[in-house]
Ligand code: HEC
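So this first bit is one chain, no partners, the form predicted alone, shown in structure tokens.
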Amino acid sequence: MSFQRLLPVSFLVIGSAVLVLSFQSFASKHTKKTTPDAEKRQGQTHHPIGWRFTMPKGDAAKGRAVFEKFECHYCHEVRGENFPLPTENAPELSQMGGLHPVEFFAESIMNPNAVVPKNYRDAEGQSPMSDFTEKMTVRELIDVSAYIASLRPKGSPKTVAGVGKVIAVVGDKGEVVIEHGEIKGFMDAMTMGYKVSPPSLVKAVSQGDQIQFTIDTERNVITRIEKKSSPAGRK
């Protein structure tokens, strides 16, 4: 092969090699290397480890107007507000604000069947709450959720007492899940988790125990637990 023919081929080979090396250099700088374990985790979750849905900041005052616009007060009482008295049976809301994150309230509006207390279910075991997904804007959802999350019981005593059954004990988090009856003037009958203070209180109870407990309403933590009875047959 003549030198004139060999020269273009040589330039082509050299140019291709340079291009490959350049791409590899670019890729090494702009591609995050992961271990097999990390790749496996990413393949399982498809989102960052520890990710959770979070609501944007809402305007509670505007949310109150949304609450009125959609006439939520016809089902839900809000103690301390001057809304008309409810005509339907639904949870009173002033007690709820300090008990749940704002995302819980957004879910309750978007998907009422996600969590339905036993005493509020209809004949089919579903929530009787209206479907607002075709009526409410995203901004209205954000603001009304912020309004509900801002509510606190007005004039509640510093401590209240309740009676219930231990559903679960989460010792490493210092929490106990209790199914309890109505705590008059403070909370409807429901099943929910509570922090205990001091955390060592959880050691005194087990799943299935019938207990009497005291709640610090300002911190929303249980400060005293008295076991009334234990499940039959357990030693």
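Just so you know, these numbers come straight off a predicted model, no measurement behind them. Numbers follow the displayed sequence, beginning with 1.
In what follows, reference is made to the form predicted together with this ligand, a form of this protein that is not presented.
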Next on the checklist: in the predicted bound form, does Gln95 come within 4.5 Å of this ligand, counting heavy atoms only?
Outcome noted: no
Item to check | Heavy atom of Val163 within 4.5 Å of this ligand in the predicted bound form | outcome: no
Checklist entry - Quick one: is Phe83 in contact with this ligand in the predicted bound form, heavy atoms, 4.5 Å cut-off? => result no
Next on the checklist: Contact with this ligand in the predicted bound form for Thr133, defined as at least one heavy atom pair within 4.5 Å: yes or no?
Outcome noted: no
Checklist entry - Is it true that Phe70, Ser127 and Val144 each have at least one non-hydrogen atom within 4.5 Å of this ligand in the predicted bound form? => result yes
Checklist entry - Looking at this ligand in the predicted bound form, which residues in 94 to 131 have at least one heavy atom within 4.5 Å of it? => result Met96, His100, Phe104, Phe105, Ser108, Ile109, Pro112, Val115, Val116, Pro117, Tyr120, Ser127, Pro128, Met129
Checklist entry - Given that the distance between the C-alpha atoms of Asp188 and Ala65 changes by 3 Å or more in the predicted bound form, do they end up closer or farther than here? => result farther
Next on the checklist: Just to spell it out: taking the C-alpha atom of Asn113 and the C-alpha atom of Asp188, is that distance smaller or larger in the predicted bound form than in the structure shown here, given it changes by 3 Å or more?
Outcome noted: farther
